[in-house]
Structure formats: C-alpha cells, structure tokens
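This document starts with one chain, in the form predicted alone, laid out as structure tokens.
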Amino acid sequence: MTLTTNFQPLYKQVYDVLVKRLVDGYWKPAETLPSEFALAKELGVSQGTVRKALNQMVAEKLLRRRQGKGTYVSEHTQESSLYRFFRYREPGGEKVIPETTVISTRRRKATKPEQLTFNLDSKLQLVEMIRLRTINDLPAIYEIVLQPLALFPDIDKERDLPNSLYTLYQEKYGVSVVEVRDELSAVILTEEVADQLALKAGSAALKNTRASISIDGRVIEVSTAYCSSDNFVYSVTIK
C-alpha cells in the first residue's frame, strides 16, 4: 500500500489508515498488530513514521503496548471500562464498583434533537433503557440510556446485561467507545427519580448528560444520570 501525497504530515496519513482498519474491524479487540517494520514496509514509510502514528494511538487509548509482546488493540473489560469511564467515587477519591439493575427498556421514535445527535433517519428508533446503579448497597444513580436500535439490534432483548454496557457494545456489536463527553449541572429531583434514589422529592442532585463517542467519531449512546451526592462525588483527575 502506498500513501497518497497531500498536505497532512506523513505520520498522520499512517494514523488515518490504521484507525480506519480499527473502525472496519480489520483488527479485533486484544489482537496484536504487525510489527512496526512490517507496517512500515507495507505502507512504504519509515519505522519512525509508523512509531509516531502508533504512539498517538496509544496516547488516545486506541492501542495498548505490552512490554516484550508488542502493540495490541484496546479492549473493554468490565474492570477497565468501569475504572476509566465511571467517574463516581467516595469522598477522597476512593474507587467504587457499582451494581446495576435495569428497571425498564422500550423502543421509541427519536425526537428531532436526538435525530441530529445520533445522525438518525426520522424513521429509525431508539432504545430507552432506565437503570438504577447502587454503590455499597445504597442507591446512587438513576440513569436513562439512549441507544440507536439500528446500531445495536435487539439490545433491549438482552437478558444479562453487563455492568458496563461498553463491554457489550464492543464484544457483540463491534463498536468501541474511546471518548465520553460529560455535561454536569445541578437539578431538583422529581418525585419519581427521588423515590428511586431514596431521597425526598425536591432534593438537589447532580445531573450528568454524557455522550459516548466511538472510534470513528460518532455519538453511539447518550445517557442522563441523576446522581445522589449524599455519599458519593464526581471525581476527575487532571494531569
């Protein structure tokens, strides 16, 4: 394969080629990539150029490196997904593992704003999944999850959903989440949501609206989480 001449740096062209292979499923999660030498020979570039492209992909957590074993495609295990994307902690930053119960699922038409968010045709449906997440046996998060049915066929019929849906997305549907965008706000809870969280109606809570982004830049899930802050905090580490 020969790269075309354009205005992008050569390593960025290599990066684009390798990312497209991930999007197309050419390499599967946990699969080891060919060596830098083999990739450089195939693409007609230097090993240094390939290494720079791979370094960027590792930094973006698309790939991982194992000492002495090479570079492989990142995979979502339950543990890695929860620790990477689950941002709720005990005060002081102690990591916690939630337990998740699905309250209900239903198929419905997407609203016009949702059609724009998901880039959906007006005739395509969403799955609306409502979940309750508990931490240390205490209700902590009431969550409404929206998923395009066309992207995740019959996901509403899954009986044993994993704690982290990202694992299911990758393993069954070949869709990898590589980025999330959170928008936080303070809200007053309705009676229904407050009851699920064992709080009084009118209590204040943290609302987190999250867009989950796939490797090709698509929004593949939107969730709205109402979070009790009596015992837990939203924690972010900035380096």
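Quick caveat: nothing in here was measured; it's all calculated off a predicted structure. Counting begins at 1, following the sequence as shown.
Not pictured, yet referred to below: the form predicted together with the DNA.
S.K.: Heavy atom within 4.5 Å of the DNA in the model of the complex: which of Ile215, Val222, Leu10, Ala225 fits that? Just give me the one.
M.R.: Filtering the options by heavy-atom distance leaves Leu10.
S.K.: Of the options Gln196, Ser35, Thr209, Ser203, which one has a non-hydrogen atom that comes within 4.5 Å of the DNA in the model of the complex?
M.R.: Of the candidates Gln196, Ser35, Thr209, Ser203, Ser35 is the one lying within 4.5 Å of the DNA in the model of the complex.
S.K.: Given that the partner is absent here, state which listed stretch (22-30, 40-48, 186-194, 172-180) has heavy atoms within 4.5 Å of the DNA in the model of the complex.
M.R.: It is the stretch 40-48.
S.K.: Even though the partner isn't displayed, in the model of the complex is Lys52 close enough to the DNA, meaning a heavy atom within 4.5 Å?
M.R.: Because a heavy atom of Lys52 falls inside 4.5 Å of the DNA in the model of the complex, the answer is yes.
S.K.: Please tell me whether any heavy atom belonging to Thr71 falls inside 4.5 Å of a heavy atom of the DNA, as the geometry stands in the model of the complex.
M.R.: Within the cut-off, so yes.
S.K.: Hey, in the model of the complex, does Lys61 get a heavy atom within 4.5 angstroms of the DNA?
M.R.: Flag for Lys61 set to no.
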